Every structure is written in structure tokens, then in C-alpha cells.
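One chain comes next, on its own, written as C-alpha cells: the form predicted on its own.
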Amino acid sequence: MEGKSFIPYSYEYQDVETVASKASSFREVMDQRRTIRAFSDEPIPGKIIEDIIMTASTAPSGAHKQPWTFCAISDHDLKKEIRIAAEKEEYINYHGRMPEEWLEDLKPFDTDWNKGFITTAPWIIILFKKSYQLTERGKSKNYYVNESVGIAAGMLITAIHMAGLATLTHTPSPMNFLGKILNRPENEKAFLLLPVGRPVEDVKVPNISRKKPDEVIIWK
């Protein structure tokens, strides 16, 4: 370890029964997570959004480059501008860009090109991936960018759910308009748009189920 800086890792040993209980409880909580499309416009304090984002930013990343930027937006006019641009792309998607098989697979979700949640939800978070870093010396390489940002996105969704809020993973394609509207630098590309808030009181979700353990786990 000579020449390298390391600090002690704070780890509290817990017996296997405690670990099992925590794992089971967390699984039960996360199994209640659902994607929603009908949000309440009830305000959510910015400090809550900050804590959620900074939880996501604890994600591991290639060479610890942390190749992400989170844009948290509550301004109604800006959200309206983003919604108009997103719906323009989504209208094209639903009217010729997406193949029939894709449209058929979307039918159980009763979704279309209208994206009212962008303006209704009190916040939208747009996650950008940094293809490379911009430094005083020029460009600096990032590693495993998609993998790193994907992990951060998963932790963001988890943090939102654990805070008692709800979200939707929205990927209007193409998403170049987001970088232009938000005036992001050339090294950042939009990865995901997530409205964040409370669901409306009478919200309903599709009657679908998740795969069972024997469908997703291979034991060797």
C-alpha cells in the first residue's frame, strides 16, 4: 500500500440472523415499488430531493470518476418547455417510429405520447452521463460510463421509493433536446428523465407481476 492513501472502512459486524432479517425486510419494501404516471402537484422540499440525489451519487463508478450530473427542476416554465419537446418526440415515436411489436407490448400500460407528469410532478430529475471529463488541461477519460450511470439510476429510484415518493423512468428518444434546453456542456448526454412526487390518491397501476426467483436466479 506504499504511496497510496487508504482509510479504515467503517463496518459493523452483524450476525447472520440480523442480516437475513434486513435482507428480507428490504426485499418486501422494494417489492412494493411501482411505476406511476399520475402525480400529485403537492410541493416537495428541495432538501428531500438533494438527499435522494446524493444517495444516488454514492454509487460505485469506473475509477471513481463519478460520471454523472443530476439536474433537479421545479420551475414550471422550464418543465413546460421540456414537456413540449418530449411530447414532440414521443408523438413521432407512437406514430411511426416505434415498430408494431413495441406498440403491442406497451398496450398493458395504457400509455401514449402525452406526458403530463412532466409538468404535474413537483420535480423532475434528469440524469446526464458524462462521456468524458472537462478539465483545465482538456479532456479526461471516463471509464464504464453506461454501467456507472446505470447503477446510479437504480440507486436513485431506490432512494425515491425509500423516501416515500414515487417516480417513472422516462426516456424520450432521442433526448438531445434536454441538453440544449438545460444548457449542458458537450460532454454530457441525457440518460434518464424521472418525475418525482407523490401519487394522486386514486392512482392505479397495471395488474402485472414480477418474475419469480427461479426465473431470474441461476444457482451453481
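Numbers follow the displayed sequence, beginning with 1. No experiment lies behind these values; they were computed from the predicted model shown.
As for the form predicted in complex with 3-iodo-tyrosine (IYR), it is not shown, yet the points below apply to it.
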Indicate whether the candidate residues Y94, M98 and D112 are all in contact with 3-iodo-tyrosine (IYR) in the predicted complex, with contact defined as any heavy atom within 4.5 Å.
-> yes
Which of L78, L106, L134, A72 has a heavy atom within 4.5 Å of 3-iodo-tyrosine (IYR) in the predicted complex?
-> L106
Students should find that, of K65, K189, H161, H170, the residue having a non-hydrogen atom no more than 4.5 angstroms from 3-iodo-tyrosine (IYR) in the predicted complex is H170
Partner-proximal stretch of 170-178, 152-160, 40-48, 22-30 relative to 3-iodo-tyrosine (IYR) in the predicted complex, 4.5 angstroms, heavy atom | 170-178
Answer for Y143 alone: is it within 4.5 Å of 3-iodo-tyrosine (IYR) in the predicted complex, judged on heavy atom distances?
-> no
May I ask you to check whether E90 falls inside a 4.5 Å heavy atom distance of 3-iodo-tyrosine (IYR) in the predicted complex?
-> yes
